[in-house]
Each structure stands twice: as C-alpha cells, then as structure tokens.
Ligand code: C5P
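Single chain ahead, written as structure tokens, the form predicted on its own.
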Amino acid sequence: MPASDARYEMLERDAAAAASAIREADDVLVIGHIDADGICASAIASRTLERLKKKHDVVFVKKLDDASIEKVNGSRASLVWLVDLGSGYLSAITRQNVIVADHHVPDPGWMNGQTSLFDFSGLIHVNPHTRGMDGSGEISGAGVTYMISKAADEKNKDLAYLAMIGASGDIQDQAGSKFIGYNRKILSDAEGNGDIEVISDLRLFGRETRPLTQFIQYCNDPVIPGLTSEYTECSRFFTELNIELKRNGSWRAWSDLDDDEKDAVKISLIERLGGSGIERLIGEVCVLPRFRKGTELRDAKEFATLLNSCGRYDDAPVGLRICLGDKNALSEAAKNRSEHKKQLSIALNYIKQNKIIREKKYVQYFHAHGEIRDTIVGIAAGMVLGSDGIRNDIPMIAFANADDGVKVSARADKSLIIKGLDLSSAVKTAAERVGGFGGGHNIAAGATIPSGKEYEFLHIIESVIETQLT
C-alpha cells in the first residue's frame, strides 16, 4: 500500500471517530475561525448537524485567546466542535467531549498519543500533521471538517465544494499550480457532484469580476514586465491585441473573452515573461458552474475572497449564510467586499509610499501600528512579499496594533520551506518568550504579543530562523 494511502486511512479513521461522537451528542457548539477556510468549515459543520437534526450554535473567533478558550471549557453544550483552529492550544482545553478539526501545527505540549477518543469522553483531534501529512498544502481546516461530515453521512459529499473554497482561501494550490495531497480526493468528490470544474487557465485573481485592465495590472505573482502596476500599459496591451475592453457599455472580464482572445493574451504574456514564472501564471483553476457567470461565486478564489471580506470586518455570520445558500446575504456582503478592497489598497499604498519595510539578515519587517487593521495585516504582508523591489528570499514579519496587544503576521515564499524554514515553530517560540502566543503553518503564521516587545520578538525570531536556514 502506498504511504500516502496509509496516512489517508489513518486520518479517515480519526474523522470517523469524530463523526461517531457527533452522532452521540445532544447539542453542539461550533467554534470557527473568521477567515474563508474557517467560514467554509463552519458551514460544513452546521449543514452536517442540521441534517443530523442536532441543535447547534455557530460562534466565530479571531483566535483562541483566553476568552475563546473559556467559551470552550465553559460551554454547556454536550459537545464542542472546533473547526480550523484549536490544534495549537490543546493543552488549554480542559473540558470533556471536544472535537478539534484543524490543519495547523499541533501544540507540542499535548500528549502525542492522545489522538483519538477513548470511550467518547475526551478530546478527538483530527489533524493531518498527526498522520504525517502537511496541513499547509495537503488539506485545509474546511477539508478536515468535510472528512468528518462525509464520515457522518456519505450524502454529505455535496459539501465538498465548500472544502475546496476553504482550501483556495488558504492558497493551498501553489505547489505546481494545483491542489495536492488529500485535497485531490476532496476535489474529485466536488467534480463528481458537478459542483466544480477544473480547467487550465490564467491563475490571476478576478477572472469573473475584474475588468480586463485591472485583471493584468494587479498581477504580482508572477510580476509581468511592463504590465504589473501599469494601468495605461495594460490598456494598450489589450488594444494592440484587438481585444475590446468594453462591449455593450460594460467592462469585459476575463471570463467574457472567447478562446481565441484568451489564447492571444496567454501567448503574449508568456513572451513577456521570457520563460520565468510561466508555471505560476497558468495552471489549474476551479470554476463553480452552478453559480452565475460574472459573479464572484463562480470562481473559487473570488468566492473565498468574498468570505474573507466578511470575516475580516467582523461579519463572518454573513459569510456563513452565503455558504449555506442565503441569497439575501450577498447584498449584505457587498459593503464588506468594498471595504476589504479599499483597506487592502490603503494598506499596500501605506507600506510602499512610506517605505516602512526594514531588513535584517534573516528577516524583513514592517510595523503598521494603527494604520492597517490587525485582521488584514497578514494579507498585506503576503501581497507585498516578493512584489517589485521587495525580497522574497527571506520571510516578511508584519506588526499591527490590536485590542489585546500587537498582532504579528509572518509570511514566506514557498522556496524557503525546502531550505528548512518553519514559521509556525519560529513564531510560536518567539511569541512565548516575550509573553505572547502564536502558531500556524510553516509558510504562514501569526501571533499576539505584548505591546513594546516587538524588537525583542524580532531578535528572537531571527535567531530561530537563522538556525532553521543554516
């Protein structure tokens, strides 16, 4: 039996144990993270419980801080189901009957052998890391939650597309510009249901909704010489290819182009790249054919961004309603989507115009103070990393003021992972040494630390990263 199959089967057994506990529960409290992956995971959990006719509530949290852990330990529900968070804080969970469906690096202080429920009275931990898999790229939090849902009832395969939207939100399709690992099994379920079509196409963001000029203008992975960040040049680019930017008074999007037009654009972009970055420009794209063309729900990445715009602006329940099919929620999400775009634009302009990025030997960093929301500083750090004039051969550390201290977000290019970088352990170590807490993935991690401890944190994390990379 291939090693991957053995790992998958072990994780599926963990999911089956969790499903059994859910069927035994009288009522359930679902606690989910506020990002797209967490919202999708919460929607899968909610729909699963609804079909099982279980009373349940869904609560969203930014992170598992002391107040959130108290919600877990103090809940009167017969079962608490944590989705897309919880693995880094297993030692803090003291109540019985808890399921943690997560894909972040687990709490090393927790007993490694306690990965399954005994007599349905403890804690079930369903996490790919406990079975030798990589939670950064092989399966998302929504994917783990989907495994439990499918184990509870095979009919829940119709929720697979939500798991793939969650995985898209966590950018798990970077390796070879496609989904890998257990994600491919889930993707196969979604394709079999007719909920997702996988095509080879440009992987730029905004295939359904962005006007053509901005579609190319905002591409920074890869950076397209002469076009990235150049609005006028992008307009000229399409004009020279005899491609109309407008038709019948409306701006055209990439999805409006016919095959010949798309081929002309692809050929021209490949020529401009000169062989560098083509593998990131063109690859697998997930289309959601049941949703109307020209809407953000038709493209998995745009769908995920819509959900992120809800969660990052304290409106995750609206994102949940969108996932559960509430059409009225779309209009309510419009203001979040607009604000998300506005705030990200403000954040990127602030970073670049004020030249706040500083370099040390093994990290680069910036402190946004109160100029960038703590809920989007990580997204901004990821977007600026490797952009024009910014290095991608060392991690980016971003700080922003938060209500409970200083939010830290760390991002890195995937090429550093091969060299030994593990941001999850580096961030966790540095945060704990300055009196904070944190964790995440090898390529992206976050923490909350006390105000005034930023430079001490930087000194520690650079030392840890130096050890990892050398």
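For every residue, the number given is its place in the sequence shown, counted from 1. Computed from a prediction, not measured in an experiment: that's the story for all the values here.
Note that the form predicted in complex with the ligand isn't included here; everything after this is about it.
Only one of the listed residues (Pro106, Gly378, Gly181, Gly206) places a non-hydrogen atom within 4.5 angstroms of the ligand in the predicted bound form, and that residue is Gly378.
Residue in contact with the ligand in the predicted bound form (any heavy atom within 4.5 Å), chosen from Ile31, Ala445, Ala43, Ala430: Ala445. Taken together, the three residues Arg312, Arg411 and His441 all lie with some non-hydrogen atom within 4.5 angstroms of the ligand in the predicted bound form. Partner contact region in the predicted bound form: 430 to 438, out of 51 to 59, 23 to 31, 66 to 74, 430 to 438, criterion any non-hydrogen atom within 4.5 Å of the ligand. Residue contact with the ligand in the predicted bound form: Gly319 places no heavy atom within 4.5 Å of it. When contacts are judged by a 4.5 Å heavy atom cut-off, Phe399 does not count as touching the ligand in the predicted bound form. The ligand is not shown here, and in the predicted bound form it never comes within 4.5 Å of any heavy atom of Thr228.
A residue is said to contact a partner when one of its heavy atoms sits within 4.5 Å of a partner heavy atom; Pro395 fails this definition for the ligand in the predicted bound form, lying far away. Within 4.5 angstroms of the ligand in the predicted bound form, the stretch 87 to 102 places a non-hydrogen atom from Tyr89 alone.
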